[in-house]
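In structure tokens, the next block holds one chain alone, the form predicted alone.
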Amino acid sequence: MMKARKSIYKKMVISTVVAANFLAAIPAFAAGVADDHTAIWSRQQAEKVALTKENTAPLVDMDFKLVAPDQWVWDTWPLQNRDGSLAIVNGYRVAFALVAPRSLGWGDRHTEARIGMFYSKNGKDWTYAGIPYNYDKALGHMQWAGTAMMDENGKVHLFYTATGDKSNWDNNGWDRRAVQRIAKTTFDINTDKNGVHLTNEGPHQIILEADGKYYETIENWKSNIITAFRDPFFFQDPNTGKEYIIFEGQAGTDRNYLKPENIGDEEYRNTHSVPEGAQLYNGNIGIAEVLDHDITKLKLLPPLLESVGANHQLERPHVVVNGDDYYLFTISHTFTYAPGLTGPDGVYGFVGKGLRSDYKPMNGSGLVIGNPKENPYQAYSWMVLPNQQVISFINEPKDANGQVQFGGTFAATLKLSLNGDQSEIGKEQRNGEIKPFGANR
């Protein structure tokens, strides 16, 4: 088994070198924007958000089973290879998700969040394997969402949000003191008759912190909604070979005001007033360039996109490349829209011709998948995979009597059809189903 594994890894290394040489010969797409350009999701665009038959998610089937009966389970992501394809380890697919004991109240789970691991042979029936790291070694009082990548040597890199400080933790007013930083650790991965195991846990280290200029620090924070520097997403650009960490942030001190473009075009600005306090809703999607192979040295760059004056939270951002189109996806809530605007809890998308691009909102408004009006909080934390499968978790669906039930388990996987700047929800799959998928192309 060991010789076979080494042979596989050797072939992977050779393939990676060949791919890297090939990619180096391909010029990056000319997006026609400056290297520091930040696209804008404006109030004018966000005002167009509306549910349609193409973007409204089907109702959650209330006869759902719990993937981990003793755990609340929410934000979920699969283990991917460096190129974005699904990692399959000796026939197993692996997923990670935020977990907390069901003995806690539904609302209390966030301050006790850990990252749990799941594995499956068929991508439908998942086994919960517990928390794969030593909590005493992990950074932050709680570990929030991220991504996971298996490199060409079979090493698993787990990226996460280190939130709060273990040494002086206090649940009273915690959101005012819980600094968020982006962290990582590594593991070896192996399988046996008892399933999948992560071993040889590496050191936990902070790889990114808010700078206060492009990205708001907790000291800069003035809103009534929690600040953000979280949700790292590892991304290798298939057209340049460069690697990045993409994350949720909020605009820093260089953007604590509204630019005209944040409102809309001149005609819109002349006919619409902006409610007081809108500038405090200052979400953005951040990016940092990876400078080393081990992903420990990074350089913060100006945001890819901002929603200053439109929306406060652009959570769990991620990128899917489909031909010449780069799709930048994010999730957001109804309550995080700026005054005078509204939209459903859902996944929002923007399309451009390069990673640094003048992104335009999908479907004219940005809304790609939204919860139905009759069940507005039934699911959340959607993640669009490279083959346009969309995974999420069951959040707070209403039963037949209109009573809210707490889910905390995998939701049905959806299929998304992408066609330029248009999208449509397609066939529904099994709860938590993840079919094999290839690299971003």
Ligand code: FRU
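The shown structure was predicted, so the numbers you read here are calculated from the model rather than taken from an experiment. Numbering starts at 1 and runs along the sequence shown.
A second form of this protein, the form predicted together with the named molecule, is not displayed here; the remarks below concern that form.
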### Query
Of H110, R102, H197, R269, which residue is found within 4.5 angstroms of the named molecule in the predicted complex when only non-hydrogen atoms are counted?
H110
### Summary
Among S381, Q378, Q389, T38, just one has a heavy atom within 4.5 Å of the named molecule in the predicted complex, namely S381
### Task
Give a yes or no on whether every one of R82, D151 and I245 sits within 4.5 angstroms of the named molecule in the predicted complex by heavy atom.
no
### Summary
Answer among 278-286, 120-128, 225-233, 292-300 for heavy atoms within 4.5 Å of the named molecule in the predicted complex: the stretch 225-233
### Task
Indicate whether the named molecule has at least one heavy atom within 4.5 Å of a heavy atom of L98 in the predicted complex.
yes
### the named molecule contact at E216 in the predicted complex, heavy atom, 4.5 Å
no
### Query
Does W72 reach the named molecule in the predicted complex if we count a contact as any heavy atom within 4.5 Å?
no
### Query
For L355, is any heavy atom within 4.5 Å of the named molecule in the predicted complex, or not?
no
### Message
Pick out the residues of 110-145 whose heavy atoms come within 4.5 Å of the named molecule in the predicted complex.
### Response
H110, W144, A145
